[in-house]
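Form predicted on its own, single chain, as structure tokens, below.
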Amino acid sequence: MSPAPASLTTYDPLTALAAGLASLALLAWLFWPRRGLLAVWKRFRRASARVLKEDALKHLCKVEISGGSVSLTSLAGALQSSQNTAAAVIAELQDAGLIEAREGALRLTAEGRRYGLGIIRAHRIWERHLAEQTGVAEADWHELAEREEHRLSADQTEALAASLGHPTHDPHGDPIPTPDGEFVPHGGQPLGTFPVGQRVRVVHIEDEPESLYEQIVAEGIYPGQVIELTGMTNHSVGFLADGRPRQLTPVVAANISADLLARDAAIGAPPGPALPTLPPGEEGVVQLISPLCRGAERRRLLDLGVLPGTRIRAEMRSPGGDPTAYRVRDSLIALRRDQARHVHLRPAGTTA
């Protein structure tokens, strides 16, 4: 018997059923309401468009607060987008009554300003949350808050603010807008604008661009710190901070804002030596925990009994030199050098 022609195949109902089910599964995966790939893609596009609009409003708010103005070109740069994309964002915001064009510049309407300040409020409250309630590294606060500011609802923002005690400033010294949209700028001047010999108090540290911010953090500068200007050249700004000489380039120093401090203003004593300098067998008294120690790390030290006025004795160091065992109130605790460096001492037997 000759073989059947190649064009004639046997119908297999199971194979046909499996193929049909696979096709239905594929269609469901693509078009299922709310959960299908197409629905997810549409939500992603809507979310991306909303983020662009909110970033534009936030940028306009910041520029208007500083007394500047925004053009199409500058907005495209701020959004890191093409001018065509920026123009589309502007058109949508104008249609929504959130911005208007006046004399060649973009301006916020009252509703646009309220919306933009709400995004800034969410960002700065989230940064405060990261600083006080988590162990997230300081270098990551801004980037994480950039994402979370678009996810927090107004109710979630207010609940978080309440859990933090309704803070008025973020960890960098930026004022947090109130729920009603009131906003008072920090009013500081760039560090390099003060005369040599002047004492100032840091009120704000700009966290962008990241490369400059990292240099400021590396020098241990923080809001509330008292600084005395010691030298100024075209290439450097010299100053004393916490009793130690520091030096920054003018570009970096411009990202530190400060207020004048009267010469007779009362300020605390500069921090004493850090705990890792305490030799084994000797003891000191905790003077303070550095303001640079925040969040979970600070809470751990406090929970271990490392409080101002507490006597602490270095008992022994590990063979590798880290960690070190310290005796605090009849308890033996181990601290790594990067934890202990935040604890400053005064000599045992002295008073604060």
Partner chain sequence: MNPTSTPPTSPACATCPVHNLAGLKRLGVDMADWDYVVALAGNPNVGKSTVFNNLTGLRQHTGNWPGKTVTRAEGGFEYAGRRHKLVDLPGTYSLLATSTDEEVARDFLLFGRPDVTIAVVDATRLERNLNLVLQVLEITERVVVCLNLLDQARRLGIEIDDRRLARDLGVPVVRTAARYGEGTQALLQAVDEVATGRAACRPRRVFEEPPVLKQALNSLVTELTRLHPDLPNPRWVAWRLLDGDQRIAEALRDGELPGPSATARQAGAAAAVRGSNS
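Positions refer to the first chain, counted from 1. Please read all numbers here as calculations on a predicted model, not as lab measurements. If you superpose the two forms and keep the largest set of C-alpha atoms that fall within 1.5 Å, you have the rigid core.
The same protein also has a form predicted together with its partner chain, omitted here; what follows describes it.
For the chain shown alone, R114 is not a contact residue for its partner chain in the predicted complex, no non-hydrogen atom being within 4.5 angstroms. Its partner chain in the predicted complex comes within 4.5 Å of no heavy atom belonging to A49. Using a 4.5 angstroms limit between non-hydrogen atoms, L304 touches its partner chain in the predicted complex. By the criterion of a heavy atom within 4.5 Å, H150 is excluded from the residues contacting its partner chain in the predicted complex. You can rule out all but one of 157-165, 204-212, 225-233, 96-104: in the predicted complex, only 157-165 has residues with a heavy atom within 4.5 Å of its partner chain. Taking a 4.5 Å heavy atom cutoff to its partner chain in the predicted complex, none of the residues in 219-244 make contact. After superposing the rigid core, the C-alpha of G305 moves by 2 Å or more between this form and the one not shown.
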